[in-house]
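This document opens with one chain alone, in structure tokens, the form predicted alone.
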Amino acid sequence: MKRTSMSEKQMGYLLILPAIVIILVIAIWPVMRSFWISLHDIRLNDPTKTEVHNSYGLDMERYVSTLPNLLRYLKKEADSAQGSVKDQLLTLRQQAEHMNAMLRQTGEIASRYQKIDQLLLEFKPVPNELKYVELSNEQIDSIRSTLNTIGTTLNDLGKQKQLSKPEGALGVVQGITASVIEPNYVGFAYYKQFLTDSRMWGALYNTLFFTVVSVAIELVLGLWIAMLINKQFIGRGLVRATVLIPWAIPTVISAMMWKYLYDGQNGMVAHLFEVTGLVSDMGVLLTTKAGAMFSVILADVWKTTPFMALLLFAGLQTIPHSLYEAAQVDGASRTQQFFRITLPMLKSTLLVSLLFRTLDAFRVFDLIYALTGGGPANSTETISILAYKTMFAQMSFGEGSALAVIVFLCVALISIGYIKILGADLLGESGGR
């Protein structure tokens, strides 16, 4: 019996297949889904735009609950009217009934109409699988024409004082009009909008400024702390554990703690800065643009410098001590040892640390949102906070998704840049061996 065996290359592909599937499911698919949503005008505060609609449709729940009101209203007004007004109202009622009959010629709409009507009578919720139905262009044109005629005629009769409650009639017509769902595909409109949006560019500038300044400070302080705890001294283990306390505290709790420390009336840090002359008044820390940005950067540096120090400390542990002993024998100073041994041997660790912290700082949300909410006057509003406000405060998921995709593209560019540097460094090392 002939046996087929897999080649080494095929076996390699088979082994990495689960990893590729996991990456596609947990990383690529959500981004593609966000990109797809960003191409549509989806708003949770508009019942006709809560989902992706690529064609015309009808909100059956709203239509079924509103149309009988219109028919009853027209009949009631016609019963109390005389002459030509009565004839006009009866004609409008016939047009509304004709529109309804035309729609119910479709078997799907007719069956759903009865089911939804029964659910509404029993005060039960209408499931989504019954709620929306697709309409043809001819059906949409007929509905629009009929509703436009009814609305215009009722408006004219209302102005002539021929109706008892003209505002109620127009409200019912508008209710039926709102049940018509239009396609909400907008293409790249949101991306074009944000390219000319000064608020988006301001948020991006705030994000980049926060990222560059905070990561630079954390790198210097982290390297200094890592070199300190890398030395041999009594109580080194306790110092290492103590240094990690800020990083171990949840970010939201840290932000609230700093908010109290920055308080313009009772904040200890604000009082200390005022006494030492760093600020002219305790209140400027959270109420001015420069003070707020300084405050969030300081809180972030306090929070995440231990993380940077931990990574760099791990890198320092891999440097052989014999290199420093040989340098001492050759008469090298501490400074020369740092620039000729420590930094070159720590290059890969530095790049990895910078990659982690840069991506974290660029995506910062909870620290700034809890501390300043993006204020004052959007001076600390980052791109992530803007996306959150757009998506959840304004309920515009299409716009928010477009911002999320922009954040993803920025993060991808940063990652590619760092990985390119890391890859070149690794190739250089391998080539030198």
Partner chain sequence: MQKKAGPLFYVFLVLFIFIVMFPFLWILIAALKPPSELFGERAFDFIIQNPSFDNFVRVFTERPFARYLWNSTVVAALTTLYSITIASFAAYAIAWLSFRGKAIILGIVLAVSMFPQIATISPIFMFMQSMGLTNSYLGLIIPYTTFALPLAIWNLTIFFRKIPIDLGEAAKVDGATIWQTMTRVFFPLAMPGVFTTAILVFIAAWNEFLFALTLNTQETMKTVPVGIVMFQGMFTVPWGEISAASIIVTVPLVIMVLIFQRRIISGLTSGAVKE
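Rigid core: the largest C-alpha set superposing within 1.5 Å between the two forms. Positions refer to the first chain, counted from 1. Quick caveat, the model's predicted, so the values are computed rather than measured.
The same protein also exists as the form predicted in complex with its partner chain; that form is not shown, yet it is the one meant from here on.
Query raised in the report: Is there any non-hydrogen atom of residue 56 lying within 4.5 Å of its partner chain in the predicted complex?
Result: Looking in the predicted complex, residue contacts with its partner chain do not include residue 56, since no heavy atom lies within 4.5 Å.
Query raised in the report: For residue 344, is any heavy atom within 4.5 Å of its partner chain in the predicted complex, or not?
Result: It does not: once its partner chain is placed as it appears in the predicted complex, residue 344 has no heavy atom within 4.5 Å of it.
Query raised in the report: Hey, in the predicted complex, does residue 123 get a heavy atom within 4.5 angstroms of its partner chain?
Result: Outside the cut-off, so no.
Query raised in the report: Is there a heavy atom of residue 329 lying 4.5 Å or less from a heavy atom of its partner chain in the predicted complex?
Result: Looking in the predicted complex, residue contacts with its partner chain do not include residue 329, since no heavy atom lies within 4.5 Å.
Query raised in the report: Taking its partner chain in the predicted complex, which residues along 366 to 402 bring a heavy atom to within 4.5 Å of it?
Result: 366, 369, 370, 384, 387, 388, 391, 392, 397, 401, in sequence order.
**Report entry** Core-aligned C-alpha movement of residue 411 between this form and the one not shown reaching 2 Å
**Finding:** No, residue 411 moves less than 2 Å.
Query - Displaced residue check between this form and the one not shown: residue 111, CA, 2 Å or over, core reference - result: Where the cores coincide, residue 111 shows only a C-alpha shift between this form and the one not shown that is less than 2 Å.
**Report entry** Rigid-core frame, C-alpha of residue 373, shift of 2 angstroms or more between this form and the one not shown
**Finding:** After core superposition, the C-alpha of residue 373 moves less than 2 Å between this form and the one not shown.
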